[in-house]
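Okay, so we've got the same protein chain twice, two forms, each given alone as structure tokens, structure 1 and structure 2.
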Structure 1
């Protein structure tokens, strides 16, 4: 691809020879002929000038004798350059001979179903969707156009995935939620979970995640939301749009997560709690109470980040405080003894 075309694809300003040919995006360590490198650290530039074909760097970044694309959002540029230069080949379309298909299955055009895919009764699969080997779609599942299900995914009965949804290996959609009543003998009696899961368009979920179906109604994950590996979503949870949760988050039953919420890894949210739009929850937090929109919280239990920092700084001073109070106690006693 000509560098000028790449500049257009990523939306950056071309700075240098438009006709340089670039063939791949590479890490700085791995640059070579045809490589374009996103330069976030100016110190790597000197070495790159000897090997790379071109660079992508910030508008106010250092000058370079390499042809360059200048753009402010380097992370977005990386995403767009990788898409332009390295689009993964789609799996060949077609239904592998080993697939087991139920009754009344409706499959769109150019769909790919890999080896040993099992599809239940009444399932609908949209155009160009790709379903990897060993994935199981139970009865009544609907998968919209351009969705990608990696090998070894399970979508349980009646659940719905929107357009362009991506589910990675090992993920389970529509597992039965952890709903139990206790009887008079304190035994746990299962509450049958008869709701479903709806994943709206552009939801992407990592490996080995689990989203429980609702007890009644719908567990919903909003458009454009991205969940990392091992995210657990309990039954009846409602998640807004464009949310991002890093690996290992656990959202307990009936919690509500607003739009554009960002959560660091291994964060827990207690059941029935609401996290407001645009809130940021730092990694490792435990959210036990409602969080207002736009708040930035941290800690266990989660508190406003500034309060958490103040508490942490104060805690560091407690050993000194203990010594100081012991000193004051002696001095006050001496004063009291003074006639």
Structure 2
């Protein structure tokens, strides 16, 4: 690709030869001919000038003899450059000979169904969808166009995945929610989970995640939301659009997560709690009460970030305060013994 075309693709300003050919995005240590490198640390620049074909720099970055694309958001530039230069090759379309198809299955055009895929009755699979090996789509599942289900995904009966949904290996969509009642003998009696899961367009879910079906109604994950590996979404949870959750988040049943919420890894949200739009929950927090829109919270239990910092600062002072109290007690005791 010509560097001028890459600059247009990432939305940056080009300094230097527009006809330089770049074929890959490279890490600084792996740079070589044809490589473009996103430079976040200007100290790397001198070394890269001897090996790389071009660089992507911040607008206020240092001058360089290499052709350079200048753009403010380097992380976004990396994403767009990788998409432009390294799109993954789609699997070949077609239905593998070992695939098992149920009755009344509707398969769109250019669909790929890999080895040992099991498709239940009444399933609908949209155009250009790709379903990896050993994936199971139970009865009544609907998969929209351009969705990608990597090997060993399970989508349970009646659940829906929208356009361009991506599910990484080991993920289960529509597992039974954790719902039991206790009888007079305190034995657990299963509450049948008869709802579904709906993943809206452009949702992406990492490996070994689980999204539980609703007891009644719908567990819903909104358009554009991204969930990392090992995330668990409980039954009847409602998640808004463009939410991002890092690895290991746990969202208990019937919680409500607003639009554009960001959650750090290993965050927990209690049942029936609401997290407002644009809130940020720092990693390792436990949300036990409602969080207002736009708030930034941290801690166990989660509280406003500055309050949590003051609490941590006070906790760090406790050992010194205890020593002071012990010293004061010794001094008082000596004074009381003095005639």
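Worth saying up front: this structure is predicted, and the values here are computed from it rather than measured. Here the rigid core means the biggest group of C-alpha atoms that line up within 1.5 Å when the two forms are laid on top of each other. Residue numbers count along the first chain shown, from 1.
Quick one, which of these two is the form predicted together with another copy of the chain?
The form predicted together with another copy of the chain is shown as structure 1.
Would the C-alpha of residue 21 be classed as shifted by 2 Å or more between structure 1 and structure 2 after rigid-core alignment?
The answer is no; the displacement is under 2 Å.
How much does the C-alpha of residue 333 move between structure 1 and structure 2, in Å, when the core is lined up?
Core-aligned C-alpha shift comes out at 8.5 Å.
How many angstrom apart are the two C-alpha positions of residue 323 between structure 1 and structure 2, if you fit on the rigid core?
Comparing between structure 1 and structure 2 after core fitting, residue 323 shifts 3.6 Å at its C-alpha.
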